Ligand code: C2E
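Single chain ahead, written as structure tokens, the form predicted alone.
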């Protein structure tokens, strides 16, 4: 659209907002209301270009920003937006190449059981090895994977690779292997997803108990289709974990409505568990609640001995974090599994006695675990 003879930037902004607002009203088509949303990016002549092609490019960059703001938004071009759009485009093209040229790899981060003092699960985490040898951090490319729609293709690669690796362990040195696999809401809504999981388990001769599908809280926004997919997965004895619980959209209702097997407490809650009485009280309450509901519970983001000490009294807990182990390559997992009990032994013995003795019998029990 071209807005001629605009007296000021404000006039263009107001016109854009009105345009977005028009689409807020449903359309009546064949007796049915249809809602169509619009995002708008705007550029100004001559501030943002003197040629039509330049102005369209600038408006397109602004449109990226409008969509990033949550859709049904207006954004006006700034030079920074063009740089951002260019970077996103470059990363998106690189991601398409990465799928074709097998530049992705998985690393695995252990989750340990305080009760058994063993590594009982590893979470598969995606990494992107760039042609120049640099490893791109997930925060740099995963959001663009979602925006571009590549998440289905990349997610299917992760699913296949994780199940293949779990099968190698299961039929090799780790028969009781369990691997957690992150799944996006868009993957879960794919009508073929549940069948794809089943096909891969059969292809690699892997029992369903050897995998756990890990979902973020955004899954709570996706409605009945998601619930149906989760129930079908549970019917096949596939475990389901809800990640980042305690922030965002999480609610106690989700524990009742979703067929979950595990809750993973968000690292923001665990970060201050040893210094904030509210965080400690909330965590203790959630542990008790999950225990009562028969759910496994994992605290992630364990990076300091003080966090470990604050959680060590809860024997039913699973823990994950750099203090125990960083994400590691697949060929190191079995080796790390062997040393995990020694790491936990040393951590338990390092808990300061005066502080822990305030809990009386709890401290003696912790020492007996070591």
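If you're wondering where the values come from, they're calculated on a predicted model, not measured in any experiment. Numbering follows the first chain given and starts at 1.
Quick note: we don't show the form predicted together with the ligand, though the next part is all about it.
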Inset, instruction - Taking 4.5 Å between heavy atoms as the contact cutoff, choose which of 49, 327, 305, 341 touches the ligand in the predicted complex. - result: 327
Inset, instruction - Just give me the single entry in 296, 243, 212, 111 that has a non-hydrogen atom within 4.5 angstroms of the ligand in the predicted complex. - result: 243
Inset, instruction - Could you confirm whether residue 166 comes within 4.5 Å of the ligand in the predicted complex, counting heavy atoms only? - result: no
Inset, instruction - Flag residue 41 as yes or no: does it have a non-hydrogen atom within 4.5 angstroms of any non-hydrogen atom of the ligand in the predicted complex? - result: no
Legend entry - Partner contact for residue 184 in the predicted complex: the ligand, 4.5 angstroms, heavy atom: yes
Legend entry - Close approach of residue 283 to the ligand in the predicted complex, 4.5 Å, heavy atom: no
Legend entry - One stretch from 288 to 296, 123 to 131, 79 to 87, 190 to 198 that, in the predicted complex, holds residues within 4.5 Å of the ligand by heavy atom: 123 to 131
Inset, instruction - For the heavy atom contacts within 4.5 Å of the ligand in the predicted complex, list the residues of 131 to 148 involved, in sequence order. - result: 137, 138, 142
